[in-house]
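Next up: just one chain, as structure tokens, the form predicted alone.
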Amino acid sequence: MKLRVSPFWLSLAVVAGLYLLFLVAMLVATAGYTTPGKLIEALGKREIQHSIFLSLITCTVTALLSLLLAVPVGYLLARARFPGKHWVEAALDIPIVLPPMVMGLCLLILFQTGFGKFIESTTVTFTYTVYGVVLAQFTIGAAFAVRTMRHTFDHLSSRPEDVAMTLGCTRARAVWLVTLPAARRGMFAAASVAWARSLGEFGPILVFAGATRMKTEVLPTTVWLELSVGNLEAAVAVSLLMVVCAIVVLAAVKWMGEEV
């Protein structure tokens, strides 16, 4: 039997194929710009190795902190009904829609106020430190994690939780024993999205934490620093490393059967 494809679906496939081709062309062009030898040489630089290590540490810490926030907030948005809920949801999306540089500037100004100075004097210094890198990453990554967990809880039936409560469980115990195990894939996806988003964060980190070599330099700021001195080979090497990390995270989330 001959397969008939309507012009409508064909046109959609052409549009999707052209965009996909554009993305692949960019990656192929970037990968073909350098050689494996120069790639290894660039990644062997002491400053770049430091930024790789710091990025892995800060992104992991950010992902865990984002998950700790996203689980309760996502559950609240999915299950609770309260006045002004739509406004709360809109406010939680502010880090997603605001320009990254603006988020960094807002953080910087916050810690110049009396409240911010009190926090830094009684706890740790965030401005232009590694703690500031984590806070800048968390500000953006947590918003994406909350969205993912909200989506996860929206698609989980509340019936098993209600049954557990009729059997004597409190709401908190029912969530802990029934809902969270069922949401483990969504939790993995939320942490992964926060990790990947933190890895690519540049604007807030540059403004709030700076780009001091061997101190607050992470992979995105490394690309900027190398480009600023005309070292395109190193910038390309770091960019390709970030592309590989992003692809690995995306593949892991898809393998778990979750949407991002």
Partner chain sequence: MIRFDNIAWQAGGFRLENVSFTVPEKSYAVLMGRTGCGKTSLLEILCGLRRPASGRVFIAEREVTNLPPGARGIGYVPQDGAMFPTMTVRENIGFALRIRRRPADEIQQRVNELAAHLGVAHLLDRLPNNLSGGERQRVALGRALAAKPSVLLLDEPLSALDEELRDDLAKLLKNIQRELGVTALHITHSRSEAARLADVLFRLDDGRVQESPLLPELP
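What you see is a predicted model; the values in this text were computed from it and never measured. Positions refer to the first chain, counted from 1.
Separately, the form predicted together with the partner chain exists; it is not shown, and the next lines address it.
None of 117, 85, 173, 155 but one reaches within 4.5 angstroms of the partner chain in the predicted bound form through a heavy atom, and that residue is 173. Note on the partner interface in the predicted bound form: the residue among 143, 187, 135, 178 having a heavy atom within 4.5 angstroms of the partner chain is 178. Not displayed here, the partner chain is approached by residue 163 to within 4.5 Å at the level of heavy atoms in the predicted bound form.
Using a 4.5 angstroms limit between non-hydrogen atoms, residue 169 touches the partner chain in the predicted bound form. Mapping the unseen interface onto this chain, residue 92 falls outside it, with no heavy atom inside 4.5 Å of the partner chain in the predicted bound form.
The closest heavy atom approach of residue 73 to the partner chain in the predicted bound form falls outside 4.5 Å. The stretch from 179-187, 135-143, 119-127, 103-111 that comes within 4.5 Å of the partner chain in the predicted bound form, counting heavy atoms only, is 179-187. Of all the residues from 133-159, the single one having a non-hydrogen atom no more than 4.5 Å from the partner chain in the predicted bound form is 159.
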